[in-house]
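As C-alpha cells, one chain now follows by itself in the form predicted alone.
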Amino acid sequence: MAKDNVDLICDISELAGLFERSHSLADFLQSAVSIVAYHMRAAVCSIYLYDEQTEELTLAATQGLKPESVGNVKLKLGEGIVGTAMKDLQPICEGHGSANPNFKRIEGIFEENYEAFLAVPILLRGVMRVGVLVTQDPQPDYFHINDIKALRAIASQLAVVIENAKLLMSLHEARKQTTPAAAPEHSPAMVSFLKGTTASSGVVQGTAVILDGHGYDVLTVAADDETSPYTLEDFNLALQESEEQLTELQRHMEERLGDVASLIFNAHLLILKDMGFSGAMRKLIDQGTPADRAVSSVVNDYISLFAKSSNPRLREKVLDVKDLGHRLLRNLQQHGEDHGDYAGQIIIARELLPSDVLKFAAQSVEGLIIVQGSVTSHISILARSLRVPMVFVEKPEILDIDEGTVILIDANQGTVFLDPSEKILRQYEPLIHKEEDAPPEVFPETFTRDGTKITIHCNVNLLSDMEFARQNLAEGVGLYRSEFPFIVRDEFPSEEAQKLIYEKIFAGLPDKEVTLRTLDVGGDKKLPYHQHLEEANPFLGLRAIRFSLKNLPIFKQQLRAMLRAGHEKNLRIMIPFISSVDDFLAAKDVLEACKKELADEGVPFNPSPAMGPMIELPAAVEIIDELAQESDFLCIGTNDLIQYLLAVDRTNESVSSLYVCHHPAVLRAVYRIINAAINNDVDVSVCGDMALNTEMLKFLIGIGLRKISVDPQHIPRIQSFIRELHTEEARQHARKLLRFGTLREVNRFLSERSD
C-alpha cells in the first residue's frame, strides 16, 4: 500500500500543530503516534521513553497496541528489538519481526498480530538516548528505506520536545525546596550616551527591556504597594491569550522561516502548559496575591532555578522563562491593547543565542543591544537578514538602567542614546520614521558601460532572503550559508529536513545556478548541542571542512541532502576553509561515496554537481594553481581571507581598524587567485564584503573578475555602479593599485580619487 510522501510527514509544521493542541507531554506523544501511524499507513505506532537512571524503556504512547499497556510495558537496554535499537543507536527494520533473534513477544498487548517491525532511536545531538519510535504492520516486508528516513526526521524533532519536557519536570522537586527569588534593587546608571559596534544597521527608538544583569535574571512589576486590580479571571484570560499568540507566532515563523524556525517556541508552550508553572500562579492568586505579583513571583522562582542549574541546557532556558513572563504580564496589564510582543521595545542583554535573536525578531522587537566585547558573526548576520538593528557595547552599566527607559539606537553609527533629549529625538525623527523609498530599477542582467557582462548572484543566510533575491533579480545564489539551520536549532537537522530547505532555495530562483556551502561551524559559530573541545584559538581550530571530515555521518547527511535536492537542478557545492589539495580531494571522495549510496538505494539525485573550494586561507593562495586544476569553480571568501592574511580578528574591536580590504597583500592575493582561475579556465567569483566597496569592486573587475555574490539588498546599488563603469578604466585602476607596496600609498591614492 502506498504511503504518504516522506516530505509530508517530515513537515515540522504538522508536529507544531500537534503540540499546540496538546495539554501535556503524554497528550502530545499520543497525538504524535496517531498521526505518524496515519501517514505511514501503519497499523501500529508506539513511543518508548528511556530512563538514564534505570537504563529502562517504558511504553509512553501507542496507536494500535492495547491502551492499558502504556506505562506498564518496560524493556531493559538491549532487551527486545526496541531495547537493541536503543543500545546500538541504530534503526532496526525487519520484514518479519518475529524472526529477529532479539525479538521479545510481550503477551496481552496484541503485538502478535503484527509482523513488519521498524524501530528508530530518538536521539538528542545524535548520541543522547531519549527513546524509541516504533511502527508495526501485519503485512510482512511493509517498511522500506524511505520509512526509516521519515521516522528519523520525526524522531529528531520529538527529541527536542521530550528533552524540554523532561528538563521542566526535573525542576519540580528542586522548586519545592526553594523560596521565590526577590528582585534586587536596581540603581539607575549615570550614563546617557554609549559608543558601540554596529552589528546590524538601522535607526530605532523604544523603551528598554533588561533581560539579564545582577547575577541572574529577574522579572519586575510596578513597585507600588497598592492592591493590584488584576484577578484570577484576568490571569486566565492572559494565559489563554499568551498560548494563542505563541501558537500563531510558531505557525507564522514556520511559513516564513521554515529553515531555522523549527519549534522555536516549544519551550515557551511547554512551560506555559506546565501546572507547576501556571498552577503555582493560580495557587498564589487564590491565596490573595494579586495576579501580576503572582506571575512575577513564580517567573522569578523559575528564573532562579534555571540560572543556578548545573545543567547547561537548563541555563539556556533562562531567557525563555523571562520572555514568557514578559508576555504574560503584558497580556495581563493590557488586554486587547497589544499582542504581548516587543513592539516599541528594545532588548538589552549580556549575551544572546541565535535562537533568541530569531524569537525576538518574531515578536516584533525594535532593536537589540548586546553587552559584550566582540561582534559575533553568526548573530550579526542573522540580525541583518531579519532586519533587526543591533549594536554591541562594552558598558555593562547599561544593564542597570530602569526598565522602560527611552532608548534611541543609531545602529548605522553604532551609537546608543539613553533617555535622549527632545533635541536629539527631533534630529533623528526623519531617520526613525523614514518612509520606504520607491524600489530602485533593477535589470535582469548587468553590463558595464562598454558591454562587459558581470554576473551578480546573491548571498543567502535565511530562506526569507530569497524574497529580496527575487525582487532584485539576482541571477543565482552564489553562497547559501547552510550552517544557520544547524546553529539555530536544538538538534542536528536530519537529512530529510535539510533536503526540504535546499529544495526551497532552488524553488526561490527556478532554473538558476545555486551554490550551497557545506557546514561552516567553529570559530565564533558553535553548535550549542554538540560537544566541542575547548580551544585556545577556535578560529584556527576545528572549523568548517575540518569539522565535517571529523564528523563524517553529519557531513554525509548534508551532502546526500544537497545531491537529492539538486536533482535536475544547477547545483554547485562549495567546501569552506580549504588549506590543502588533500582536504579538497578528501571532500570529493566523500561526495563520490554519497553518490554511490544514493544510486544503490535508487534515490534520484544530481550525479554531476560542480564542486569547488572557498579560497579564504593564505595556504590556499599558495597552492591556487593546483586547487584550480582539481576544481570546477573557485569562490573567494574575502572576509576570512583578509582576516587570516593580516592576522586580524575582525570581531575584535581593539584591532578592527587594521582589517582593511585594500592592503597590498590582500590586493595581490586576490589578483593571484583570479589570474590562476583565468589561466586554468575555471569559473571564479567573490562572495565577501570586498565586492560591496566600489573602489575594490572596480579593482576586481579590472583584474578580470566577472562574477560576484552580495547580500540581495545591495544588488541595485552595485548594479548601478557597474553600469556606469568602463572596463578599461577598471584595468587602469587595478594596475595602479597593484604597484603600491605600502598601505600609506594605497590610502593616499584612494583619498585623492575621492576628493
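Residue numbers run from 1 along the displayed sequence. Fair warning: this is a prediction, and the values are worked out from it, not measured in the lab.
Another form exists, predicted together with a small molecule; not displayed. Remarks below refer to it.
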property	result
Answer range among 402-410, 612-620, 195-203, 270-278 for contact with the small molecule, defined in the predicted bound form as heavy atoms within 4.5 Å	612-620
4.5 Å heavy atom contact, Ala677 and the small molecule in the predicted bound form	no
The small molecule contact in the predicted bound form: Arg293, any heavy atom under 4.5 Å	no
Contact flag, Gly688 vs the small molecule in the predicted bound form, heavy atom cut 4.5 Å	yes
Non-hydrogen atom contact Glu495 with the small molecule in the predicted bound form at 4.5 angstroms	no
Contacting member of Asp640, Asp320, Asp465, Glu94, with respect to the small molecule in the predicted bound form [4.5 Å, heavy atom]	Asp640
Option touching the small molecule, based on a heavy atom within 4.5 Å in the predicted bound form, out of Leu479, Ala474, Val357, Ala85	Leu479
